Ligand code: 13P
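One chain follows as structure tokens, the form predicted on its own.
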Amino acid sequence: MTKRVVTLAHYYTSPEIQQMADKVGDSLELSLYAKEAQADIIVFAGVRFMAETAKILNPQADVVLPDAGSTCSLVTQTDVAALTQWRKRYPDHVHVSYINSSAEHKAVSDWIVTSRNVDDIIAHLYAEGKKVIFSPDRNMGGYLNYQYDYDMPLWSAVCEVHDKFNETALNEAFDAVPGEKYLIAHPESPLPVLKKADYVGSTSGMLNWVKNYQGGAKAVIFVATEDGILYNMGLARPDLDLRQAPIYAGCQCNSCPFMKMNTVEAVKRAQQGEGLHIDYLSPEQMDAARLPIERMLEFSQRYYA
């Protein structure tokens, strides 16, 4: 019997990879799709924590990551043993973790969030009178504390791509554009960048902002996130002047090296069953990690229905 192969690709992969995929999306969209996918094999063109999430949500599927090296700095900068000790310092707090985290990290969390639903979930918890600690992304947590006057203790890890955006380079880029200009930014960026933004949101949120843009036709729109999404934005609005925000004077060249490990050749091999099979998670570990993910998905399906 021929096995059914479903290929998922994140927006940050290259255009060639996205064209090979059955579904392209952000973390939340791909998590929902993976959960319901009627597939024998799920090829996840993304990074390892995404493939782990797909396996946790669809344990019957054989989930394959094209390149075993495609990890994430938010994972590599987080020692889960140290994280567990940190959590014990706040026994009366709810531990909310960003989905950009390992399965081991998720297993010691109470809620998982994505950049699309983090504002709503944390607001929901505070409305219930809960106290929250947030991991692993220091920039995202810092922005939430600033924006909503929360007092969440934060774990200290960053996305190495988004953390490179800086206020000085942005100011120089803005000064070089005499007319109308905008900045949209992902919340993994540093706080000074986010304070300058006209819109802060998830990858899909930024894409929708561009799709719905009704401002001046000659405006320059700077985008502070990984460069892969510029492809999708350009397809949606070829009439707009879209530029990746600079990381230093004159540079618009900020890519995630882990996402770019998903080459055409690697994805083709994964579709044939080669690559890193996500078969190393124990049933107990997957059960522990699934609980906070399911809380997020239930909330999202209810809140965004």
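Note that residue numbering begins at 1 and tracks the sequence as displayed. All of these numbers come straight from a predicted model, not from anything done at the bench.
The following text describes the form predicted in complex with this ligand, which does not appear among the structures shown.
Taking the partner from elsewhere, F134 is found to have every heavy atom lying beyond 4.5 Å of this ligand in the predicted bound form. Under a 4.5 angstroms non-hydrogen atom cutoff, this ligand in the predicted bound form has S27 among its neighbouring residues. In the predicted bound form, this ligand sits within 4.5 Å of a heavy atom of Y98. Taking the partner from elsewhere, I278 is found to have every heavy atom lying beyond 4.5 Å of this ligand in the predicted bound form. Segments offered: 165-173, 184-192, 125-133, 80-88. Contacting this ligand in the predicted bound form at heavy atom distances within 4.5 Å is 184-192. S202 is the sole member of S102, N232, N139, S202 with a non-hydrogen atom lying within 4.5 angstroms of this ligand in the predicted bound form.
Put simply, of V63, I56, M50, A270 only one has a heavy atom within 4.5 Å of this ligand in the predicted bound form, and it is M50.
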